[in-house]
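Before any questions on binding or motion, here is one chain by itself as structure tokens, the form predicted on its own.
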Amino acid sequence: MTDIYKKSLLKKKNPLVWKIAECVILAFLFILFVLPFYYMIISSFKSTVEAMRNPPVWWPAQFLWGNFADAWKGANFTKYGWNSIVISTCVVFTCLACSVPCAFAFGRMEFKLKKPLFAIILSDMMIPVQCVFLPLFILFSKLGWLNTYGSMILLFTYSGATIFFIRNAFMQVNNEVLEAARLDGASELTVMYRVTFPMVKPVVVTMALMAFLRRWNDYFWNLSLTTNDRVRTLPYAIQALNAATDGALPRWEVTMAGATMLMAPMLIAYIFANKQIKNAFIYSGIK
């Protein structure tokens, strides 16, 4: 008798116990993931004394909205926010322009070296970025592309993970649909964009959101491909808030306010794309 079979028997004999256990586990996971976000948001309204107090203060005596103004001014949100918007938005469009045709080719077309090339893409997903940042830094330095939008955008135009997931979505499209379009004289570009693309749109939207979030939150490449603040983005600015204290105690409440403002666009993007993300998981068979 396998362990899975034993568990299924126990679950049938004690359904109430298993439901309670599942609720307890889900509640624990909910608290584990939500508590840091709650502490970040509530700390952005605290005073300096409350932010530094141990044990932590879970509800401030007075909500100080001025912390957000201090974070906006101290982190220069206008400059760094513009850099974040430009880089993240351009990366989304360039990444999809590269990934969608590649994914369609690997998923629905036959050509020489298809399997070896796809194996290279899969292996690329397993290589840590720390292994390639130095060669890339030297390359962009010789090209004169350091501290430019071009280096920050071009580097992320290719994404093996995006190609992989969109390719899996293309593979689930019914063959009869593609054959009917081709019999009607449709070119491969027409088949890809007008026939199959609407069917895999939820997955594409999800990958676009993931690409946006990766670049919006990026800190590593902010420092790796830049030597000054000209094209650096908001994560660098938020980290720099801790150093802007003139020798005094760090104002954690201002840093938390900056982190809350940094998180706000991601939350808004998720709210608008929530339906597409759910459809992508259902379409991919993840329920």
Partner chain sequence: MAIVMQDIKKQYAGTSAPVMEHFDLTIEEGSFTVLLGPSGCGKTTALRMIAGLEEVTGGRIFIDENDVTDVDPGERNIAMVFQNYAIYPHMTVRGNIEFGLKNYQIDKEEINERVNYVLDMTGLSEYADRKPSQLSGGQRQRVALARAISKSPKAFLMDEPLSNLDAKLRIQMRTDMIQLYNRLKCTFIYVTHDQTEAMTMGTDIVVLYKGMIQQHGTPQEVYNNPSNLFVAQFIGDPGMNALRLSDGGYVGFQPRLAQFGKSENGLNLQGTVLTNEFMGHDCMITVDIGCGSIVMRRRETRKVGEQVSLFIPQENLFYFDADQNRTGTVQTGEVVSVFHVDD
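Positions refer to the first chain, counted from 1. Just so it is clear, the model here is predicted, and its values are computed rather than measured.
Below: the form predicted in complex with its partner chain, not depicted.
Exercise. Are all three residues 40, 51 and 53 in contact with its partner chain in the predicted bound form, where contact means a non-hydrogen atom within 4.5 Å?
Worked result: No: none of 40, 51 and 53 comes within 4.5 Å of its partner chain in the predicted bound form.
Exercise. Out of 92, 199, 161, 146, which one falls within 4.5 Å of its partner chain in the predicted bound form, going by heavy atoms?
Worked result: None of the others qualify; the residue that does is 199.
Exercise. Taking its partner chain in the predicted bound form as the reference, which of 183, 127, 109, 97 has a non-hydrogen atom within 4.5 Å?
Worked result: In short, 183.
Exercise. In terms of non-hydrogen atoms within 4.5 angstroms, which of the given stretches 146 to 154, 204 to 212, 76 to 84, 185 to 193 touches its partner chain in the predicted bound form?
Worked result: That would be stretch 185 to 193.
For this session: Verify the contact flag for residue 139: yes if a non-hydrogen atom of it lies within 4.5 Å of a non-hydrogen atom of its partner chain in the predicted bound form, no if not.
Result: Contact with its partner chain, no.
Exercise. Would residue 177 count as touching its partner chain in the predicted bound form under a 4.5 Å heavy atom rule?
Worked result: Residue 177 belongs to the contact set for its partner chain.
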